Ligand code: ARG
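Below sits a lone chain in structure tokens, taken as the form predicted alone.
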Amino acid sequence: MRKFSVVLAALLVFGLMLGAAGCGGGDGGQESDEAEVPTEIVVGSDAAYAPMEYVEDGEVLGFDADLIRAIGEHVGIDVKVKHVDWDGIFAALESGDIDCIISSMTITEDRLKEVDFSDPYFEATQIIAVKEGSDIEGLVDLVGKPVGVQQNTTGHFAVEEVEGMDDGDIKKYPTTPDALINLTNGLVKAVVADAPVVFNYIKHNPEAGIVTVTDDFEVENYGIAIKKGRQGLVDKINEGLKLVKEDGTYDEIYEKYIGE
């Protein structure tokens, strides 16, 4: 037993020496984890927002899906995109069920406290959708009227900030298309949402009689969200994003899904 104790003690001392050497001032191990880049990643997307992301024949398609796949191809990462409901998408990222999120997500100060973001990849703004003949001409005209939004999105937050808006008049839906369908059916008087999604709905549902109204909305930048502590993956995604912009791949994807 004494021989075993001596050997064990020696191993413990050796292990402590290795640990001290690897600390590099206290955070060397963390830096190693941050620098690690996987050869394949699972990307979450709430795929209910054509043309940005949607499901067709069981596959996630759209601008965002094509973009992240192209980024992966340019930097040697195999990318799998899967649908994850918006309400659970951050939890999936935190748990490691997905490696990153691309889902028309606006980079905000609050979100930067919880996740890291890639460089911006898309510039967008909110827009107000109304029925033809509506007297709504801007955000101030929403007061006293039922307004549809996708819950916990920048459109939702913009409506909450309208002075005099009653929370009871803000009708929260799981997706923007759900809100637009309720506008079509007359259950709300307006919908505030991302412009590309609204325009796509109008394009594919001309019989709905929906038009748009603008206001002084801030320009938003979409980013790819990555769990904090994975700086290597952030850097690799930014590298791929830069490459697809430089060689024209980004423009091809934009033309395919967004056009004019």
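All figures in this text were calculated on a predicted structure; none of them were measured in a lab. We number the residues from 1 along the sequence you see.
Beyond what is shown, the protein has a form predicted together with the named molecule; the following relates to that form.
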Contact stretch among 146 to 154, 178 to 186, 67 to 75, 91 to 99 - heavy atom within 4.5 Å of the named molecule in the predicted complex: 146 to 154
Partner proximity in the predicted complex: Glu220 to the named molecule, non-hydrogen atom cutoff 4.5 Å: yes
Contact test in the predicted complex: Tyr49 vs the named molecule, heavy atoms, 4.5 Å: yes
4.5 Å heavy atom contact, Arg111 to the named molecule in the predicted complex: yes
The named molecule contact at Ser118 in the predicted complex, heavy atom, 4.5 Å: no
Heavy atom within 4.5 Å of the named molecule in the predicted complex - the one residue of Val130, Val81, Val159, Met105 that qualifies: Met105
Interface residues of 189 to 205 toward the named molecule, as seen in the predicted complex [heavy atoms, 4.5 Å]: Asp194
